[in-house]
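The chain below stands alone and is given as structure tokens, in the form predicted alone.
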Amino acid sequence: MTPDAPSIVIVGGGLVGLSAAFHARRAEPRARVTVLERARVGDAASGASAAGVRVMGRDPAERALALESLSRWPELDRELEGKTGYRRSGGLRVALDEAGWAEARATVAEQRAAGVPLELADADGARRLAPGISLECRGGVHCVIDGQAVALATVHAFAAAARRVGVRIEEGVVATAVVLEAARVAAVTCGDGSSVACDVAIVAGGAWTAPLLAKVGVRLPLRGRGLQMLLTDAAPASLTPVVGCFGRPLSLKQLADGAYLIGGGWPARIPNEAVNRWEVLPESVSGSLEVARAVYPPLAARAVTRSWAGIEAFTPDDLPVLGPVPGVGGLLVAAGFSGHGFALVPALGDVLARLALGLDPRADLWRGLDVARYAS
């Protein structure tokens, strides 16, 4: 950290960038922190997220980040002085066939040994947790600390908190290049020809991260994919946990207003990766509904009222790239969350702020996710 405190520019006004900005200013109020967002905060993947808050089923490489984040979610509204819509409703992943039930039984011991509080539920236990689950259910795995939030509410809570602590958020500003001097970050240039001088640049631009970094010779194998969401009409409250299914793509939750939100990684079409545009695919809508209704038959009586997608950046191993770029001083990256970064946002922001400020980066939380495994 420089004697006068660093100037930090964050590219990307999604949840990761906003969390990094909030944490940096909270840790070092003298730091000058600017967020550059190409559209409006939350317009891309963050605002279109299913907003699940889970540790169950995580890859071991991101499990520590998830556990750290889930320990903070219950107090996040107080920290941000805002409303995220978070509730610790639990998570239930069910099995509708013997192969799924075998996988459910096999996965519990390994995750529990790593500190994830899982319990195996038989068929009756699964139906007590989620009345209405298919009669074909053999059982499932329940995680009491999993839960859900509201995507746009969380974005707005982080944005308001960041502004409150002194972060400057510039919307409608496209970052066009990271300027280097002697292999160190010096500024970020913008589409209007202006530039923002900085000591540290954090690139958290989602699907638009790779083209920006390629201009300074850093090549990351990030690919944008559209992830589809469906929303139904409202019904009386009946489903508490977030429901998934072994062997079938599903993320199902009932929202506070009674509507059901259905996701699970079903693809949408991206006509042009350079812009934030997508098209919902009819086959993804029908496939998603078929799986959701097979797992939770009461959905057969519900109508879809809205469908949309968010463009997310994926890596070859479906794990994020996080941390400093080798050989370029002051350049940090956080991207490639592959559809499951929402829950990690509290810990991610803290890690990125620590890296930007020269503090202990909590490397124990993100070992194995570093940029060096891909950057060339």
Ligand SMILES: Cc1cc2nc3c(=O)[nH]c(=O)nc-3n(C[C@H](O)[C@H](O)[C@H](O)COP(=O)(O)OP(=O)(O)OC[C@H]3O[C@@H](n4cnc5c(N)ncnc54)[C@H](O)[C@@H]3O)c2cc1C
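Everything numeric here is computed off the predicted structure, so don't read it as measured data. From 1 onward, residues are counted along the sequence shown.
The form predicted together with this ligand is left out here; the points below concern that form.
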Legend entry - Answer range among 92-100, 125-133, 178-186, 221-229 for contact with this ligand, defined in the predicted complex as heavy atoms within 4.5 Å: 221-229
Inset, instruction - Check each of 31, 66, 325, 311 and return the one that places a heavy atom within 4.5 angstroms of this ligand in the predicted complex. - result: 311
Legend entry - The single option of 252, 167, 137, 204 touching this ligand in the predicted complex, heavy atom within 4.5 Å: 204
Inset, instruction - Check whether residue 341 has any heavy atom within 4.5 Å of a heavy atom of this ligand in the predicted complex, and answer yes or no. - result: yes
Inset, instruction - Indicate whether residue 208 is a 4.5 Å heavy atom neighbour of this ligand in the predicted complex. - result: yes
Inset, instruction - Using a 4.5 Å heavy atom cut-off, state whether residue 80 contacts this ligand in the predicted complex. - result: no
Inset, instruction - Find out whether any non-hydrogen atom of residue 212 is located within 4.5 angstroms of this ligand in the predicted complex, and reply yes or no. - result: yes
Legend entry - Candidate site 146, 269 and 280: all three near this ligand in the predicted complex by heavy atom within 4.5 Å: no
Inset, instruction - Scan 44-70 and note down the residues that get a heavy atom within 4.5 Å of this ligand in the predicted complex; none is a fine answer too. - result: 44, 45, 46, 48, 49, 50, 51, 52, 58
